[in-house]
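Only one chain is shown below, in structure tokens, and it's the form predicted on its own.
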């Protein structure tokens, strides 16, 4: 078999083995832009947003699912079930909400809901085919929550793409994210401005080859 025929065979095998439909989970700490990211993807391909964006932490307190989101690029299609999850945190303190003007009673309720949402999000990990681990590129990415999320994904052998969000801000440092987690594919983007999504979609098509 010549080199040209061999390369053609490899190309056809890649097309055959690439899974065309999978569940994509969006994970990360609170306020890194997970719902903004989910909203952008969902709005672009379905015309509908998935959730409410707020400066108040833990605004998303339940797992949200958008089924049959079909991404098209260069004649290829990829169908995903998009899952937006509550922000993962090691501790939820009701006083965190009162700083944003939430009354004490409501703050305690939010804290309980947020804690429940975190537990739910972790349980959903077992159903994920690919995960976007979203990080705030303006902050030090090497923290306990990010390390815990990536460790859980690695233990489950789930393909992961690290998303360095908020590249529209001057303090954004994508290189810092890449240096912290060199073993992962890192895509920089701005969910707020809609920048960098073509690279994210390319990464998703690549990741689909790893889905079992």
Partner chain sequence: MAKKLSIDFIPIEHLNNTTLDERVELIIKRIKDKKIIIINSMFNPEEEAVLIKKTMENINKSFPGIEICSLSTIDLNKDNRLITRIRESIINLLTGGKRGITVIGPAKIVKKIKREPDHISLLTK
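Since this is a predicted model, take the numbers as computed values, not measurements. Numbering follows the first chain given and starts at 1.
Unshown form predicted together with the partner chain; subsequent notes refer to it.
Here the chain stands by itself, but in the predicted complex one stretch of 41-49, 143-151, 61-69, 160-168, 143-151, has heavy atoms within 4.5 Å of the partner chain. When contacts are judged by a 4.5 Å heavy atom cut-off, residue 174 does not count as touching the partner chain in the predicted complex. Interface membership of residue 131, defined by any non-hydrogen atom within 4.5 Å of the partner chain in the predicted complex, is ruled out. Heavy atoms of residue 91 reach within 4.5 Å of the partner chain in the predicted complex, making it an interface residue. When contacts are judged by a 4.5 Å heavy atom cut-off, residue 115 counts as touching the partner chain in the predicted complex. The candidate site formed by 122, 180 and 183 is fully in contact with the partner chain in the predicted complex, as each residue has a non-hydrogen atom within 4.5 angstroms of it.
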